[in-house]
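Before any questions on how it binds or moves, here is one chain, the form predicted alone, in structure tokens.
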Amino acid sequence: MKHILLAAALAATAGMAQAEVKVGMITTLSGGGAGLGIDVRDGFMLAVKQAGRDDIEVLIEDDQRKPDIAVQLADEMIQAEDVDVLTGIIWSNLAMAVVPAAVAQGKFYLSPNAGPSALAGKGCHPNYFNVAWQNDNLHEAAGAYANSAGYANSFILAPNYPAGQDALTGYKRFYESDLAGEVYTKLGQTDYAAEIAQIRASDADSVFFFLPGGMGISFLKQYADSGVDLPLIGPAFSFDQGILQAVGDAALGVVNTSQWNKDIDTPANAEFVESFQAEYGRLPSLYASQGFDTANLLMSAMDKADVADADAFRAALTDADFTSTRGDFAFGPNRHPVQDIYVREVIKEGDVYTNRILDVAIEDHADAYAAECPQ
């Protein structure tokens, strides 16, 4: 188990007091999705470093994007390490394997990414807080954009796992026209020749896809090489800062949706972008911003309540009394964000591929499952 004890200098010193809150971070640090977990980790750690806290201990482990490994790590963190808070999971299938059992044992879970619909509606829990979004949200915004762009026959595809299913559900919830095709791919798939052939053979006027991490890199490169000349729409997960550098020119001009971007015009966001670059030598991604916000949410609750007083700590988390990289931040009744979601365009600044905000796709958007949450 990897322990990181955070103090002002991020170093253990003689006589340091026992940490008041122990955080177990289970995230993906190896394999095709490693960049996502690394960004969440780095954003989280940056926030704690900047705050100079000596009352947080963070245990970090790599789930290898495997549900069984994630469950094993969570069990060890809860039973052997007695963590107070869990966080870090990127993938919804891992979240579904870990979160229900963790919160049932009285632990708090703060999600910096995965937001499966099952945990937003009937399966919600008072100890589960999502600091990023509910899975459907960015896809709903993409559907709204497709309407405004006049697309009338979208071909849609996503991996066959909870977040992929939520993605296509979200797109269809807001998209008002016909579908030229709907395909679920294998999670972790790297060859999309068959899917691109289906797109070519269809009468689609646009393509919506959700393929995060290495899946998106593979698809975008193959799509660009295929000669299919249909406009692409996607969520930020397929056009994120790390992914764009690997994809290159094939992504230029593509429209995507996100609740965050580096050009959100607030002092807190500008400071975050600058400090992240200074600390890590790269531009932050939305994953990094989510990790940063998650840590700041946690610390805001710690400033108001003792984690041992579950009711008070839960209330402090619900208050969300912190300055988000997104600007205003508030939870809905199911402890998922109510927030603006933006339309972005992939551009090139010097030698760096990045995104710029074009417009707001949907304002003050809450998820579709909040009414189903009983607690």
Partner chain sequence: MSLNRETTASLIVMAALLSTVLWAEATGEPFTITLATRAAIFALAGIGLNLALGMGGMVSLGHAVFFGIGGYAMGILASHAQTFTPLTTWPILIEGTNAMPVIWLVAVISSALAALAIGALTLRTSGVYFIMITLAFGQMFYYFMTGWPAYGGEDGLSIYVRNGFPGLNTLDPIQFFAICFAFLACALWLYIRVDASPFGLTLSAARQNEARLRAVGIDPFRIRLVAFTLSGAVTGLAGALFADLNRFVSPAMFSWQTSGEIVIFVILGGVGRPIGPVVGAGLYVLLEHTLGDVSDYWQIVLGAILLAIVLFARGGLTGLVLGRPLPHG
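If you're wondering where the values come from, they're calculated on a predicted model, not measured in any experiment. Note that the rigid core is defined as the largest set of C-alphas that superpose within 1.5 Å between two forms. Positions refer to the first chain, counted from 1.
Not on display, but discussed next: the form predicted in complex with the partner chain.
A residue is said to contact a partner when one of its heavy atoms sits within 4.5 Å of a partner heavy atom; E271 fails this definition for the partner chain in the model of the complex, lying far away.
Taking non-hydrogen atoms only, D311 never approaches the partner chain to within 4.5 angstroms in the model of the complex. In the model of the complex, none of the heavy atoms of R344 sits within 4.5 Å of a heavy atom of the partner chain.
By the criterion of a heavy atom within 4.5 Å, A278 is excluded from the residues contacting the partner chain in the model of the complex. Proximity to the partner chain in the model of the complex, taken as a non-hydrogen atom within 4.5 angstroms, holds for one residue of G121, P100, P126, P231, which is P100. Checked against the partner chain in the model of the complex, the candidates V255, M96, A180, L157 yield a single residue with a heavy atom inside 4.5 Å, and that residue is M96.
Highlighted residues M299, D303 and Y369: none comes within 4.5 Å of the partner chain in the model of the complex, counting any heavy atom. Of the candidate stretches 330 to 338, 311 to 319, 63 to 71, 50 to 58, only 63 to 71 has residues with heavy atoms within 4.5 Å of the partner chain in the model of the complex. Counting a residue when any of its non-hydrogen atoms is within 4.5 Å of the partner chain in the model of the complex, the hits in 145 to 183 run N160, Y161, P162, Q165. Comparing the forms between this form and the one not shown, the C-alpha position of Y161 differs by 2 angstroms or more, with the core used for superposition.
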